[in-house]
Ligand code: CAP
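Just the one chain here, laid out as structure tokens, in the form predicted on its own.
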Amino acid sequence: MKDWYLDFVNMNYRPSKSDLVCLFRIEPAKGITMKEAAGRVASESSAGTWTTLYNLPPRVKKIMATAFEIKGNMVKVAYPIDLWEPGNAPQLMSGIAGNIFGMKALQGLRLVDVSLPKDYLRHYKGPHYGIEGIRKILKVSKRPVTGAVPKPKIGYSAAEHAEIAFETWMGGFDLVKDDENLTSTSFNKFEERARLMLKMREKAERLTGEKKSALLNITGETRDMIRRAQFLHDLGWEFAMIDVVTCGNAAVQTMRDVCADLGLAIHAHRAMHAAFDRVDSHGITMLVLAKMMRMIGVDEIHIGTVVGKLVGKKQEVMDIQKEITSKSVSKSSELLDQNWGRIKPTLPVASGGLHPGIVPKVMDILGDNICLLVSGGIHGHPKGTRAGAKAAMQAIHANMDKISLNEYAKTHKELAQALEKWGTETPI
């Protein structure tokens, strides 16, 4: 059988400034060399097919992707800019993360990173607010932004949900967040929840003198999301939450502009990400998904906690944080160069199994410039949600003041009660 896969491999090729470059981890199937596997990836993700062709337009030679570096099972592939429709994020993923994952010649394939050139990035707007904008909205200058999901994540009525939101705000938290699978149910309608929470927000702001807001989940069919975003704007909310993986890049691109026009910041929940990124030998890294979302323009996105209940190795989570907050990133063994230019940074969100006793561990790893979502770890407090939120805020302040939790707990009863229940154990 005559194929032309090796035409897509050239170890002497040097990418141009306008080339988009991908870093893959490849495990060839039995009988396939690494060079042949690399050629198949470059071919299938650009202008190739499984056999030589009778007729080939001359321009194809100019737009063929090129596998130009192979080190062990790590392969870099360069893609000419003319392969990509400007501003079309779904089309990009259909190329660099499309049919290649189903090729029988590959035992495993991992899209580790993608370097987005200036000529490609200029067609995207990035976050409307970014980190500075979010901090300005919430009037939080230095400490982590804080938030919580009413738990259990689904089951409360709209009125019950709003009451828990009030207790959360009164404990000192900035945000109350819907969970990923709560949109609009028979017992908790989206519109009713948004209205009732607004009344509680106004009450909490009046009593505390602090800015409060919410991350209400507008996820749904795109036209429903547009309608819900407009509804939130009309009520005076500042944020909209979207399950960006399940909605897809196209819907998120649409909603980025809709929300920006309405003055809403986008909180991106990453539900379903582990279906793509959990297995090291196959799929797409969370790093790539996070970069796509910063490029498209979400203002906040979940990245993991390292010490919480969800998977995510320390270096992996730290690399994601660096990628979505930095102006530029230098290449390393598993990171490519990336210059974000005018694209604003996205606020990293740490969530999943946090409680006051492990808040300092998260902050020691990720720092203060994050959003901390502590949910079950406040609602499960022995004295209730308000005390739990106070305990989490006390843990934050203790860490920022470089005081141990045990020492701080001597004069802060809510923290002491939280430590008595959970200690500093990490949940599984």
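Numbering starts at 1 and follows the sequence shown. Please read these numbers as outputs of a predicted model, since none were measured by experiment.
Omitted here: the form predicted in complex with the ligand. The next part is about that form.
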Report yes if any heavy atom of Lys125 sits within 4.5 Å of a heavy atom of the ligand in the predicted complex; otherwise report no. no
Are any of the heavy atoms in Lys153 no more than 4.5 Å from a heavy atom of the ligand in the predicted complex? yes
Does at least one non-hydrogen atom of Glu180 fall within 4.5 angstroms of the ligand in the predicted complex? yes
Please check if Cys247 has a heavy atom lying within 4.5 Å of any heavy atom of the ligand in the predicted complex. no
Residues in which of 86-94, 325-333, 351-359, 183-191 have heavy atoms within 4.5 Å of the ligand in the predicted complex? 351-359
Ok, Ala398, Ala65, Leu373, Ile26: which has a heavy atom sitting within 4.5 Å of the ligand in the predicted complex? Leu373
In the predicted complex, the residue from Leu216, Met225, Val149, Leu289 with a non-hydrogen atom within 4.5 Å of the ligand is Val149
Scan 260-283 and note down the residues that get a heavy atom within 4.5 Å of the ligand in the predicted complex; none is a fine answer too. His269, Arg270, His273
